[in-house]
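First, one chain by itself in structure tokens, the form predicted on its own.
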Amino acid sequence: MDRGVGFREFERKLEQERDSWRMRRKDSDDRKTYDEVFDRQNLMRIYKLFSDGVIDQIDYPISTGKEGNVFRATTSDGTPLALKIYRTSTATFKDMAKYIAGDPRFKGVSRNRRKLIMTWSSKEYRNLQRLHDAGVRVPVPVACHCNMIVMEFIGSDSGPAPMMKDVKLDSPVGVAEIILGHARRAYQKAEIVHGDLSEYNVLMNGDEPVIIDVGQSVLLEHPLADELLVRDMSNIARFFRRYGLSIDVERELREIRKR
């Protein structure tokens, strides 16, 4: 996008794109969601990302969740990225506070909905940075602005990578070992527990599992860390049972806790 284009021209162009996306979605709830995501405040924030040269184009929606939407975006040199936008008006934020409380990085966080979601967005971005630096395969974080996170796009020219739950794994043993290795690395090097590790939060980029959605991830000193770790390992063991694999949760927990 030409950096000289003013906000009104930018707004007009993005409105045209949004209308095109909405016309392709017949579900009225989806249309309402897009209207909430692209309110004027969020348009101003997206414009900031455009003006700063972080992204140059928003291509298409990738996914819609309870708290926000993810879109594929592109840089000026054609590099694909993912843009995650948390909804500040309708996001379910009741459970967010328990994952933030007890985190020394975010002391004295406001209970105000909008401020809480901004903190959540910052928390996810910082967790991505910490995990990536520790060698855990997560989307590489690029930028964070208010309720928006820009990160590496996981997928190909044909579309985003599918969730692990939607893929028939050719090598389930190998994939399980990689995921468990990432959980160990997250705990031992990044000192983070994912907190919601399951087949829904792992993308399969070809044969490579990529861990996503780390907003709820907590530091080891968080009071819920151990409980969440047990749940993560139990979820992974449950999923791989469908492939006939028997993962010893207690043994994995002992291996992970070795620091």
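Residue indices: 1-based, along the sequence shown. Bear in mind the structure is a predicted one, so any value in this text is a computation, not a measurement.
Another form, the form predicted together with a small molecule, is not on view; read the next lines as being about it.
The small molecule in the predicted bound form: within 4.5 Å of a heavy atom of each of P104, G195 and L229?
No, because P104, G195 and L229 lack any heavy atom that approaches the small molecule to within 4.5 Å in the predicted bound form.
Against the small molecule in the predicted bound form, would L219 count as a contact residue? Criterion: heavy atoms within 4.5 Å.
Residue-level check for L219: no, no contact with the small molecule.
Answer yes if any heavy atom of M151 is within 4.5 Å of a heavy atom of the small molecule in the predicted bound form; otherwise answer no.
Looking in the predicted bound form, residue contacts with the small molecule include M151, since a heavy atom lies within 4.5 Å.
Considering only heavy atoms, tell me if G53 and the small molecule come within 4.5 Å of each other in the predicted bound form.
It does not: once the small molecule is placed as it appears in the predicted bound form, G53 has no heavy atom within 4.5 Å of it.
Wondering, does V70 line up within 4.5 Å of the small molecule in the predicted bound form on heavy atoms?
V70: yes, in contact with the small molecule in the predicted bound form.
Between the options L203, I46, V37, A190, which residue brings a heavy atom to within 4.5 Å of the small molecule in the predicted bound form?
By the 4.5 Å criterion, the partner-contacting residue is L203.
Of the residues V109, M118, A82, A176, which one places a heavy atom within 4.5 Å of the small molecule in the predicted bound form?
The option sitting close enough to the partner is A82.
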